[in-house]
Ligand SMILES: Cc1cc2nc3c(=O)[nH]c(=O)nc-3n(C[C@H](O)[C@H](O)[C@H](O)COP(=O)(O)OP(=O)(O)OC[C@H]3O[C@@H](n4cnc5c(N)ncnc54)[C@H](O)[C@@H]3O)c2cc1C
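The chain below stands alone and is given as C-alpha cells, in the form predicted on its own.
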C-alpha cells in the first residue's frame, strides 16, 4: 500500500526545461513546489567535465544521456493495419533521461515559429481554399503576438546569440526577414562563422536569397542572465548535439535556472521517483495526488493542489492515458482527443565535396550555421505544388565527430579499403546542406496504449502509429531540390543528394522533435488542453511541452516549448491562483 505524504501546493512531474521554468515561476509566486524526476541528478562539474564530455563512444553510441529502453520503451508501427513492436534500440529520436532531460543534449537551435504557424488551419484554408483529405491541422488558440514576450524572456534567460530580422516591424539587415516582430534584439551577437556556413551564405546570396545566422543557445560571448547566472563563451569544440557541455557555454536548465531554483527553501526535488498515475477525486474533475515509486521500489501517494506535467511529450501523453484523463483518440471514428495529432518532422540533406578547400568540420557548435527561410511555413506560394508547409535550408556545422561523421561520395562501397580511403580523402573537404521540414497532422497518425506489451510495473506501453504522408514527401522533395541548387552554387567537386524516401523508419536517427497527442486549442472536442495548457477535464492539471503542438512546424521546437511554459505560468500566477478553476 502506498505511503501517503504531506501535501504540497504544486507538483511537477518531470524536471527538464519546462519543469525548471515552472519551478522558478511558481516558487516566485510563493508556492511550495515539489518536482518528481524519475532519473538521477546531473550537473556540469560532476557529469559533463571537459576531460570526458567529448567521449563519443560513451555518450552517443552507448547512450549515456538517453532513456534506458530496458526500463521503458514504446511500440511503433506505420499504420493501423500493422502490429506494433517494441523499440529495442534508440534510433529515430533520442529522449533524454535524468535532471534536465533532452535539454541537456540538445543542439541549442532556438527558433520562434512564424505568426502564420499558429493559425495553420484558418490561414491555409483562406489562402488555398481547401486542405488535403484526412489532414487534421488546427489553430493553436494562442497567437504569435501573445507569445512574443514569453519568447523574449526565454531568449534572455538563455543568452541566445543571433541577429534580429524584424525589430518592432522594421526588417533588419542580416537577420531572418520572415520572422515575426520582436520587441528587442537577441541578448548576444551571432556566433562567428566557420568556413562551410560562410560558403553557403555566399551561394545563397548569389541566388537571391537572404541568409542569416542560426539563433543559438551556444554563447558567442560571456553572458550573465537576468537571474544572475553566468555562462562562458563557446569554444566550438563540436560536442553539443547528443552531449552535455562542460564549458557552461550551452544554455540548459542546469546552466541557466537551477543554480537559483535549487537554493530556494520552497522548492524540493526528488530524483529517481517515477510517477505511475494521477489520482482523481470521486467526481473525476479534480486531481488530488499522484502515485509514484522510488529507486527502492517503495510506493508513495503525493497529494498536491496543483499538478503540472512537465515530462517529455511521450510520457505526458501516456500518463494521461494511464490515468483515464480525457477521451482517448479513435482514428476510425475520428473521435476522442488524447493521442490525437501526433506529428514528427522530415529531414533530408545534400553532401558537398571539394578538392580545393579545407573545411575543418571538427570546428563546430550545435547551433552554429547559416540558413535561409524562403521555403519555410507559408513564406512562399504553394499554389499548384500539392502540399502545404515547408522548412529551413542551410549548413549547421554541429561538429565533425570522428565516429559518427563520415560522408562519402556517390558510389563509395559501404565497407573495406575503398570505404576507408574515401573517408580519409573527404573528411576535411566535405560538408552538408540540410533541410528541416514540417509534418502536418493526419487522421492516421496518433498515440495510444499498446494492447500487448507492458512495462516493469505492468502498465501498457505507449503505442506510436506514424508515417509520412504524400504531403510530407512532396514538401521534402521540393526542399531537397532547392538544397541541391544551393549546393551546386557552392561550386564543389561533386554532390550527393539524400532524399527522404519511403515510410518513416524508426532505426536511423533523424530528430527528437516529437509533437502532439495532448494538443491545445479552443474546442474541447479537438484538443486536450485549452489555450493556457490547462486540461479541459481536470482544471487543476496543466500539461506542458510539445505535446500541445497541433502540428509540427518546420523549426526546432524548444523555443516555442519554453514560450508556452512561460505563457502557462503567467496564466497560473495571474489568474488561476486568484480563482482556481477553468481559465477558458
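Positions refer to the first chain, counted from 1. Just so we're clear, the structure is a prediction, and the values are computed from it rather than from any experiment.
The protein also exists as the form predicted together with the ligand; that form is not presented, and the subsequent description refers to it.
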*asked:* To test your reading of this chain, name the stretch in 470-478, 313-321, 163-171, 255-263 whose heavy atoms come within 4.5 Å of the ligand in the predicted bound form.
replied: 313-321
*Does residue 211 reach the ligand in the predicted bound form if we count a contact as any heavy atom within 4.5 Å?*
no
*Classify residue 275 as contacting or not contacting the ligand in the predicted bound form by the rule of any non-hydrogen atom within 4.5 angstroms, answering yes or no.*
yes
*Classify residue 13 as contacting or not contacting the ligand in the predicted bound form by the rule of any non-hydrogen atom within 4.5 angstroms, answering yes or no.*
yes
*Using a 4.5 Å heavy atom cut-off, state whether residue 98 contacts the ligand in the predicted bound form.*
yes
*asked:* Can you pick out, from 140, 466, 106, 200, the residue that has a heavy atom within 4.5 Å of the ligand in the predicted bound form?
replied: 106
*asked:* Can you work out which of 325, 87, 102, 422 has a heavy atom no more than 4.5 Å from the ligand in the predicted bound form?
replied: 102
*Does every residue of 151, 517 and 566 put a non-hydrogen atom within 4.5 angstroms of the ligand in the predicted bound form?*
no
_Using a 4.5 Å cut-off on any heavy atom, which residues of 534-559 would contact the ligand in the predicted bound form?_
545, 556, 557, 558, 559
